[in-house]
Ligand SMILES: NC(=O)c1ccc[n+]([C@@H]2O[C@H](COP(=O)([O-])OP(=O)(O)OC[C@H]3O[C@@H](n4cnc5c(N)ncnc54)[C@H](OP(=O)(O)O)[C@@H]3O)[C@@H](O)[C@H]2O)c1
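Quick heads-up: it's one chain on its own, the form predicted on its own, in structure tokens.
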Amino acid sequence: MRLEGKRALVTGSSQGIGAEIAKLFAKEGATVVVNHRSGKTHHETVVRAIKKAGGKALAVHADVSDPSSVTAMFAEIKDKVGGLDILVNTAGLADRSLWNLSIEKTSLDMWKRVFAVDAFGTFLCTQGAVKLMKWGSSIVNVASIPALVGDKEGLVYASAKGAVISMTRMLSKMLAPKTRVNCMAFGSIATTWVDWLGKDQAEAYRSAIPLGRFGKPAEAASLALFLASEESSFITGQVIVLDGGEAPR
């Protein structure tokens, strides 16, 4: 198993891509901390599935945009699992109400909301994690291809992910050689955001993908596993695109 004996925190892992990453990491031998923000019970389902399959997991509540909440989360992680070897910053805010907005209708408050989770949350969790990490640790961030090539929708979201990409490249140098830092830039992965699209809009996205389909959360999890494991031990500061050939559109 590729993560035998490792301890991993996956933020925003109560559902979607984060949940797939948590389950795959546990399958590969890691003790996984499933981070969740809402009061919904999705995290319990993820932890239960991991344990049923013979893996190790625990759920820890935290709002990654809140410094005090993040501090409390890492104190709990230190107490319950002793440290960390892997951090995957999956938590993000992609709001349906923000996706198709014009510049005129985009407010500064919207920027603050998204950056608080995607950019500031990534930083706060990294800041907390490095205190618990030892030599050979790995941090995996999450971005999106519009942050690399631009798009007509998702201005605020893409801008926040652009900050994550810059942060990845900076931190990879600041934390080397102790900790590797890389970033996954996703194209159209089939999660709940697809439900926001009208039929014609969804087909436009799909037809722009040379492989002819949306990506699967399990495929995103496989990339996260590669970047977290020793298989990528000579890779740091990189943005790995997973988009079925979609970029640029």
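Numbering starts at 1 and runs along the sequence shown. Please read these numbers as outputs of a predicted model, since none were measured by experiment.
What comes next is about the form predicted together with this ligand, which does not appear here.
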If contact means any heavy atom within 4.5 Å, which of 172-180, 74-82, 100-108, 139-147 contacts this ligand in the predicted complex?
139-147
Give me the residue from L124, M167, V117, V156 that has a heavy atom within 4.5 Å of this ligand in the predicted complex.
V117
This ligand contact at A91 in the predicted complex, heavy atom, 4.5 Å
yes
Just to confirm, I17 within 4.5 Å of this ligand in the predicted complex by heavy atoms?
yes
Answer for S68 alone: is it within 4.5 Å of this ligand in the predicted complex, judged on heavy atom distances?
no
Applying a 4.5 Å heavy atom distance criterion, does T191 contact this ligand in the predicted complex?
yes
